[in-house]
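We begin with a single chain expressed as C-alpha cells, specifically the form predicted alone.
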C-alpha cells in the first residue's frame, strides 16, 4: 500500500488505521503499540508520533490481520507507522533536510564520505609524528582527539535537541527512575521483537516465526556497546593510568573490542540478509537504501577495526587505518541523519510509554 504523501496525510492515514485496530484489538498482546493505543479513543498528532516510535516493525500484526488488502479497510499498520516514524526523525532533527537526503541516498553519501575522509587521513599521515608506536606512529594522539571529540559530541548535541522536541511533542511528562529502568530492560531484551508469544516475529516471512531479527539486533547493539566500552577503557588507561597504546590481546580494551567487533560484523551481515528477504511494502520503502547503508556502515566500522588488528606490524597498517578512521568518522557525522538516531527516539518512546502505563 503506497503511503507516498505529505506528512499530515501520513499521520491521518496512520490515525485511520490505529482507530480500526483499537476497535478490533486482536493484536493487543503483540507489542507495546497495542496496549498503548487502548488507553485512548482519539489520537492527536503527538500520540501518532509516539505509537510510531514504539513500533519495532516486526510485522506480526500485519500477517495476523483480517483487514489487510483486499479488504476495503486495506490495513498495513507496519508501513503506516514506519512512514510516520521516519518522518518524525526527519522533522525533528536539525538541519531538517539532511536526514531526508541521507535516507533516500544513503549508500552514495556514505560511500563518498568514506572515500573522501580516507584520502584526508592518508594525507594527514604525511605529517606523522617523529615518535610514536602503533597507530600513533601515523597520527598523533593529540591530532586524533582534536578531530574526533567534536565530530562525536556535536552530533550527540543535535540528537539531544531533537529528543527534547520529541518528548515535548508526545507529552512525555515527568519520569521516575523506574520508568527509565523499565525502558532499558525492554530495549536490552528486545522485548518488542518477541511477537508477544515468545516465538519471535514474522519480519522475513508471514508464515514463519523467528527470533533471528532479535538476535542480530542484540549482536549489533551489544557489540557496539562493547566497542564503545573498549574505547572508553583505553582512554582511561591512557590518561589516568598513563598506559599507552598499543595494547596486547589480553588487555581489557582488546578483550572488549575484539568480541564486540565480531558481534557487530555478524549482526550487520544478519540484518542485511533479513532486510533483503523482507517485504519492502511493509516498511518505509522510500528509506530502504538509507537503512541498508546504515547497516553496511556499521559492519564496515567493525570489519575495518578487526582488519586493523589483523595487519598489525605490516605495511598495510596506514591504508587500513585510514579506511577505518574514515568509516568511524562517517558514522559519527551521519549519526543524527541515519537510522542510528532511531535508538535514541525508541528509548525515549519506551520511557514515555512506561510513564504513561504507570499513570493509567
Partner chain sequence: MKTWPEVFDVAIVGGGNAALCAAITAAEAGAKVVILESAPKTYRGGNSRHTRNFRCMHGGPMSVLTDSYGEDEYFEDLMLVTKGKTDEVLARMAIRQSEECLPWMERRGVRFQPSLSGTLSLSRTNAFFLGGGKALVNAYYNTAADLGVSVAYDAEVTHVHRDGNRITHLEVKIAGAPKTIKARAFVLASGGFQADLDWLARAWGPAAKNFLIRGTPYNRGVVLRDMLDQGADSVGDPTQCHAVAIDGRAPKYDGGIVTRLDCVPFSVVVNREGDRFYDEGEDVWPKRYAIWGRLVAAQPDQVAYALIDSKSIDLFMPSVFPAIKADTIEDLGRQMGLDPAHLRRTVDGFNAACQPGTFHPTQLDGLRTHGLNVPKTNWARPLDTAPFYGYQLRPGVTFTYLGLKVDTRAQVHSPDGPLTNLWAAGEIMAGSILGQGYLAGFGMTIGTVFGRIAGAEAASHVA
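Residue numbers count along the first chain shown, from 1. On a predicted model such as this, the values are computed, not experimentally measured, just so you know.
A second form of this protein, the form predicted in complex with its partner chain, is not displayed here; the remarks below concern that form.
- Partner contacts here mean any heavy atom within 4.5 Å of its partner chain in the model of the complex, and among 299-307, 25-33, 314-322, 44-52 they occur only in 25-33.
- Using a 4.5 Å cutoff between non-hydrogen atoms, residue 292 does not count as a contact of its partner chain in the model of the complex.
- Using a 4.5 Å cutoff between non-hydrogen atoms, residue 20 counts as a contact of its partner chain in the model of the complex.
- Under a 4.5 angstroms non-hydrogen atom cutoff, its partner chain in the model of the complex has residue 195 among its neighbouring residues.
- Heavy atoms of residue 242 never reach within 4.5 Å of its partner chain in the model of the complex, leaving it off the interface.
- Taken together, 68, 73 and 208 are fully in contact with its partner chain in the model of the complex: each brings a heavy atom within 4.5 Å.
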